[in-house]
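Just the one chain here, the form predicted on its own, laid out as structure tokens.
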Amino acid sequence: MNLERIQNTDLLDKVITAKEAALFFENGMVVGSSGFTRAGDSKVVLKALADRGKEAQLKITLITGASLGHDIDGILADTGMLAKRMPFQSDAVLRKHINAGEVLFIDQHLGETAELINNHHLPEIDIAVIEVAMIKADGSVVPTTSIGNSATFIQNAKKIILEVNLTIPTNIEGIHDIFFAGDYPHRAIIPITQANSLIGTTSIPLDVSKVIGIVYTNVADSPASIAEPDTKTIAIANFLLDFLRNEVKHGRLTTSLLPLQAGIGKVANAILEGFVNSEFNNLTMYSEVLQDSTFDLIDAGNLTFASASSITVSEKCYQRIFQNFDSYKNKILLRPQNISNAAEVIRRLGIIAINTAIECDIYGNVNSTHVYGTKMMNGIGGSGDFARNSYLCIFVTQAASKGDNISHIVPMVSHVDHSEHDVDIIVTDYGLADLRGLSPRERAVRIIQNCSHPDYRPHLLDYFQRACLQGGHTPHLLNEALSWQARLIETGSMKI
């Protein structure tokens, strides 16, 4: 028995196998699981539940922090176990089931799920499965590489299963900052005034009477897939860096900027990597995910502190972090996602938010979730939390893709996640459009001229000019507005 990992002796007799833990689940249950962008998720209990689901007729609603690793979303979907899933996913197999209508998916702002649970707007959590590094003597638990919604699940679940992950060193304790703002109408201020503000506890309080099982695991997080910066992502990064330099030149920012937030993926990583050899220094981050680029910036001395809800990195970076953990420990914090994504904090700190778009239209509306307007990709994630409340809301995308058959600047987006009212900057590999202080007609000219691919620019201008002849504050030709997406579906190309 590992007394270092289970320090509360009342829980020692709760140790069971993953297969035994899977027997606690019943048809129709609502299950909450730790895990945020493939980090700190259930490694064995949900897998054992999927194995059981191949034999038993079980359907569950699964709520997490964000996406899960080790293909578990796809495995659960293929067994037919998932009736409903929220608030985010990134699994290709699950995506197929969602778009076929076989799994109901609720695409939520990641900062809101905990609020909906706490305010009883969602069904009660029957069982929470939470990965931890250790259980302390007072019964509280130390999370691993993410917090996500774990604190909320532990607080609200009827029963709890803990996965104690032996691959995570116990000295991870100290990087977590657990804070509960309380319930309405007596909700507290979230007193974060800078990225490194410590406002809570290093472990999550837990009612040990709820614990029905403890399972040991020895499985590391799924590694993030990190693509090397390419010509397009480097161009996007350079346009953005030049824009920030101009903001410094005009006295609107300093070379330390304001706290950065960046969505996950190769574009965000490339942009953050661009800061490594730049004049920007003493940077801070208040984001959702700490990626490879975060630790590269720390190692380069450019980034002094980073706050998020998870650590999602490549295998090589993962090894680097935990082999030298003490050197990073005082430079990072992980928070519950309703704190990392809190509108109050984002607005107070003045976040520079950088997120990815599937498509942008000529007026600055952004689609970040639906291909062709109907097929779910991953979900809105935290982009909306940051877009609406940031100091600068920046969306990045390539101008065109798939052999330039798809233009990512279109007359009208086929699905709106972020309206023109929230979007300040659009950047592609062809240029940057600063939309601040511009009317819709001015925005259209700026976006078309600066951001669109040259093959599509004349057609976008033609559309806009003809729309203007019909008048309107935001001119559109409704019989043509979505014709580009329709042409892509019919012919495989948006080209005219």
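A residue's number is simply how far along the shown sequence it sits, counting from 1. Everything numeric here is computed off the predicted structure, so don't read it as measured data.
Below, we turn to the form predicted together with another copy of the chain, even though it does not appear here.
At a distance of at most 4.5 angstroms from another copy of the chain in the model of the complex, all three residues I106, E442 and A481 contribute at least one non-hydrogen atom. Contact with another copy of the chain in the model of the complex, defined as a heavy atom within 4.5 Å, holds for exactly one of A224, L244, C317, M412, namely M412. Put simply, of A235, I406, I75, I380 only one has a heavy atom within 4.5 Å of another copy of the chain in the model of the complex, and it is I380. In the model of the complex, another copy of the chain lies within 4.5 Å of some heavy atom of H120. Using a 4.5 Å cutoff between non-hydrogen atoms, N389 counts as a contact of another copy of the chain in the model of the complex. Taking the partner from the other structure, another copy of the chain in the model of the complex has no heavy atom within 4.5 Å of any heavy atom of L461.
None of the heavy atoms of E163 is located within 4.5 Å of another copy of the chain in the model of the complex. Comment: 416-424 is the region of 124-132, 145-153, 209-217, 416-424 lying near another copy of the chain in the model of the complex, near meaning a non-hydrogen atom within 4.5 Å. With contact defined as any non-hydrogen atom lying within 4.5 angstroms of another copy of the chain in the model of the complex, the stretch 261-295 contains no contacting residue.
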